[in-house]
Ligand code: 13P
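One chain is shown next in structure tokens, namely the form predicted on its own.
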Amino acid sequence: METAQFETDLSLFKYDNLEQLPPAYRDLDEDERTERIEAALAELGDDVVILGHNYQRREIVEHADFVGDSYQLSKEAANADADYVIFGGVTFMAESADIITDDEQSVILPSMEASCPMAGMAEALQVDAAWAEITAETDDDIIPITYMNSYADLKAFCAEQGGLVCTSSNAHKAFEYAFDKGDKVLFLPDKHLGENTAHRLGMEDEIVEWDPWDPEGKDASAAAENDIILWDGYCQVHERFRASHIEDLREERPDANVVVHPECRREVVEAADVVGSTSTITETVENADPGDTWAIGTEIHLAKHLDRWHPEVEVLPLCGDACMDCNAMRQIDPNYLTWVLEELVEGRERNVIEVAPEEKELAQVALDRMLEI
């Protein structure tokens, strides 16, 4: 990289030490693996903490010490007095946990294939090249903001360029911070969260997209003329939702309310009753009156959890049978959890996620700036 002062690589090659599930673990049934997981946890005791993201399947979250969104879980890991942190999530989440936990703690990602597609849509090497093109076209100060759903090296890049990290809950505050420090914002990797944030701030007319995959979608002069540059990335789950899903629901169930994630398309957000992070979605159902009906516009496993946890409220997936799970989250199979736990019992650490020291230090700066807002 030319503008960054640390070495990095494509995410595909960062963790070539991660291992596949051994054949002996591939055909375990639920009863057997549950018994073995519980036995391993009893043996390990307080030495291990299991984090289950909201989008994980039931067989993972039922063994988790904490269930929540990615940054919330990382904070729980940092506060836990455990030698081993097993993250039931995806790679960037495990990286975030490694950044904010003690050096003595090992962060383990059960499956080598649990890699978020959206995070992979904004590789630091790509962003570095785009940064060079865009900054060559303007003397304005550009502040980069990366969504939490990104790799550690991109968080480090943003820190190095005076930027910061944000969550879906505080993206608007990150934008305000950036415009206080500079003239323009480069927001990545989720264009929908960026667009929805721009609308929230009344800056929807200041948007331009940068498509790193299309030569005709990269116009540095157009980027330089606008205040908000949105990287052309998206969540494959949330982009599936359409305004027509809400229209159909309201026709079939006029009593139903709709809550969606801000990673959804703009027209979906505009049609919903409530918009917010997975924490907001969870709190919305928790605070609902008995007998209320809420349709959930996010990954289907959270809708299933909320329906199971709150039987007094009718919880529906917004797009019914068309709603699907996250392919990356799906890779955290409970058989993988069984394997990594039993390996820890034997004193062997498998699939450890470790961010390089310089990269970790810079990424922490980006996170610290977020905490300041």
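Position 1 is the first residue in the sequence shown; the rest follow in order. Not measured: the values here are computed from a predicted model.
Form predicted together with this ligand: not shown, discussed below.
Colleague: May I ask whether 101, 151 and 359 each come within 4.5 Å of this ligand in the predicted bound form, counting any non-hydrogen atom?
Modeller: No, none of the three is in contact.
Colleague: Please determine, with the chain shown alone, which of 129-137, 271-279, 152-160, 211-219 has non-hydrogen atoms within 4.5 Å of this ligand in the predicted bound form.
Modeller: Selected stretch: 271-279.
Colleague: So this ligand isn't shown here. In the predicted bound form, which residue out of 295, 165, 93, 124 has a non-hydrogen atom within 4.5 Å of it?
Modeller: Contact residue from the list: 93.
Colleague: Among the candidate residues 147, 241, 87, 231, which is the single one with a non-hydrogen atom no more than 4.5 Å from this ligand in the predicted bound form?
Modeller: Filtering the options by heavy-atom distance leaves 147.
Colleague: According to a 4.5 angstroms non-hydrogen atom cut-off, is residue 339 in contact with this ligand in the predicted bound form?
Modeller: Contact with this ligand, no.
Colleague: Hey, in the predicted bound form, does residue 69 get a heavy atom within 4.5 angstroms of this ligand?
Modeller: Judged by the heavy-atom cut-off of 4.5 Å, residue 69 is in contact with this ligand in the predicted bound form.
Colleague: Taking heavy atoms and a 4.5 Å limit, what residues of 175-200 are near this ligand in the predicted bound form?
Modeller: Read in sequence order, no residue approaches this ligand (within 4.5 Å, in the predicted bound form).
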